[in-house]
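Next up: just one chain, as structure tokens, the form predicted alone.
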Amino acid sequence: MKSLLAGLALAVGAISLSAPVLAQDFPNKPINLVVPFAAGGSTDLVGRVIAEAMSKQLGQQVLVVNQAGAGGVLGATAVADAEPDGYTILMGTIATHALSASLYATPPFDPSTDFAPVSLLVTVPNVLLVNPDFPAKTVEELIAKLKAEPETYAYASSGNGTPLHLSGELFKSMTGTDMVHVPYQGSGPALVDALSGSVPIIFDNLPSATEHMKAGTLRPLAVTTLERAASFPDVPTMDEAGVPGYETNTWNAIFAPAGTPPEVIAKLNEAAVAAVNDPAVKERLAGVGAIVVGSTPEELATHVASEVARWRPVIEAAGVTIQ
């Protein structure tokens, strides 16, 4: 009997020691960074910049895995269900961790309990753009056009329930206009149709729209933050352009599955904060309008809670729901 009890004690001890030992060895193989949107969008762009920089910090490859669908929910759910060992992490956004809690009658996950926060990386302005062939050159002209020809024009977004979809719905409600919403599986596919003119109006994140704005292939009418973007100082805010009080933005943050060892979270946080504060990375992100943060896990948890509370009344007022 004593030998059996001793054997059980050794087994329990081995199990209890395994997590810290594994955490000390972390990482000893590549890490998958799930970007829950299609390639070519803002989250994908930021994700690839961060993944490259974190690879150098950790001494292992951080590989971007695009898993698009349901406004970011499919990829986020996959990470929530992944092994909590730090080798599968999420490039989370306002869509996955602030909006989903209010958009779904039965949310697919709880952003505060199903994930371990790592770091808030950047905040990102959104921007209202039109195809250059579209006749409106200002927000006021767009509003006039939409009111003169109601239910005639459509706007593109990166998906149902995303910040860009809600940016469009908020615009409609605050201006008394109407547009048909055309959702895509990410900013990349939405931009393709905006560039062709088949869907002439688009709300997009500034990073993914930057090159098209510089090339003149899309015309920016306004950024959606209360302050102008440093990378495009000549583009007015929506408030300045004739929609007083209008404000939306987005952000990118890293999350791991709940239950990931604290030692692993600490290593991921250290690498993420070092990555966004690398001068070359800062310059690349600033060039596309992203504002570097680099927070602690605790600060990210507080940020998520405040964002859920901020967006819930906006979503309810817009009447947007997803089954």
Ligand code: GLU
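Residue numbers here begin at 1 and follow the sequence given. The structure displayed is predicted, hence computed values, not measured ones.
We do not show the form predicted in complex with glutamic acid, though everything after this point is about it.
Novice: Within 4.5 Å of glutamic acid in the predicted bound form, heavy atoms considered, which of Ser119, Thr224, Thr93, Ser100?
Specialist: Of the candidates Ser119, Thr224, Thr93, Ser100, Thr93 is the one lying within 4.5 Å of glutamic acid in the predicted bound form.
Novice: Of 54-62, 294-302, 274-282, 39-47, which is the one stretch near glutamic acid in the predicted bound form, taking non-hydrogen atoms within 4.5 angstroms as near?
Specialist: That would be stretch 39-47.
Novice: Is Gly86 close enough to touch glutamic acid in the predicted bound form, meaning at least one heavy atom pair within 4.5 Å?
Specialist: Outside the cut-off, so no.
Novice: Taking the shortest heavy atom distance, is Pro163 within 4.5 Å of glutamic acid in the predicted bound form?
Specialist: Pro163: yes, in contact with glutamic acid in the predicted bound form.
Novice: Indicate whether glutamic acid has at least one heavy atom within 4.5 Å of a heavy atom of Gly186 in the predicted bound form.
Specialist: Because a heavy atom of Gly186 falls inside 4.5 Å of glutamic acid in the predicted bound form, the answer is yes.
Novice: Taking only heavy atoms into account, state which residues of 199-216 are within 4.5 Å of glutamic acid in the predicted bound form, ordered by sequence.
Specialist: Only Asn205 sits within 4.5 Å of the partner.
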